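A single chain comes next, written as structure tokens; it is the form predicted on its own.
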Amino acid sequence: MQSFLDILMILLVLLNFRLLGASQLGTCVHSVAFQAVIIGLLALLPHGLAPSWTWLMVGAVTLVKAVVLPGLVRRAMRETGVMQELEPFLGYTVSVILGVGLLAASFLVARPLRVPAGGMTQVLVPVTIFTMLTGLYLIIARRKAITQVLGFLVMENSIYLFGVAFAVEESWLVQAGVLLDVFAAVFVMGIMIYHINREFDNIDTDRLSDLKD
């Protein structure tokens, strides 16, 4: 059990570095979807292997996070014809190096925090913080609006993972409400990306200065 949890934690860290170092948006979408699947597994582990309503709820949430939301992002990619982040504010090599620093900082910040007893690994806390910082970095350091939407999804994954780590009795109704908000946000972002691309023939967010009087 513990070794399986450690493998999942390693996969989450590797996916974060993949997001930091990938220029292809399709690769980033796959990484975010895989993140959601891993987090879904982590949400099920404390509840044992016996199927229950929790399985149905976690399965539904994972389906939305791993299939529906990435599908909306892929649709925005097809509509805009943008498949690659060509000119990020910071290069991909620099991003990966900074990612190493963010990972180290996450372990330092997480030292005072401890996961409640229940079988979860203590590495879950720093990995969760690292995932949140990765999403924030994508929002700040990338030009394409689509990549920034993916950063938003990565941050939501980390918040959900915090719920898995610290909730003694998870309120799945609250989690479903948060997920509904995220679904609506991504839907609105997709519409905005489409209209920005149609009007300006570009979705680099720094070009939005053209809207000034």
Partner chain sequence: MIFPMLHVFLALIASPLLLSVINRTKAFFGGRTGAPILQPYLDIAKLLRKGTVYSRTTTWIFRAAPSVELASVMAALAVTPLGAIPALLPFQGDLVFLAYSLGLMRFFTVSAALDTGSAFCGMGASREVQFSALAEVALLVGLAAAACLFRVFSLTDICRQAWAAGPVSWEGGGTLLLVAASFLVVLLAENSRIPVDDPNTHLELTMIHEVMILDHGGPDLAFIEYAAALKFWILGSLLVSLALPLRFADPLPDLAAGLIGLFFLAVTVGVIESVMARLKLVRVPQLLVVAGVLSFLALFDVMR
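Small disclaimer: the values here were computed from a predicted structure and weren't measured. Residue numbers count along the first chain shown, from 1.
Just so you know, the form predicted together with the partner chain exists too; it's not on screen, but the next bit is about it.
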Site test, 23, 107 and 123 vs the partner chain in the predicted complex, non-hydrogen atom cutoff 4.5 Å: yes
Touches the partner chain in the predicted complex: residue 96 (any heavy atom, 4.5 Å): yes
In the predicted complex, residue 83 touching the partner chain (heavy atom, 4.5 Å): no
Residue 77 within 4.5 Å of the partner chain in the predicted complex, heavy atoms: no
Proximity of residue 100 to the partner chain in the predicted complex, heavy atoms at 4.5 Å: yes
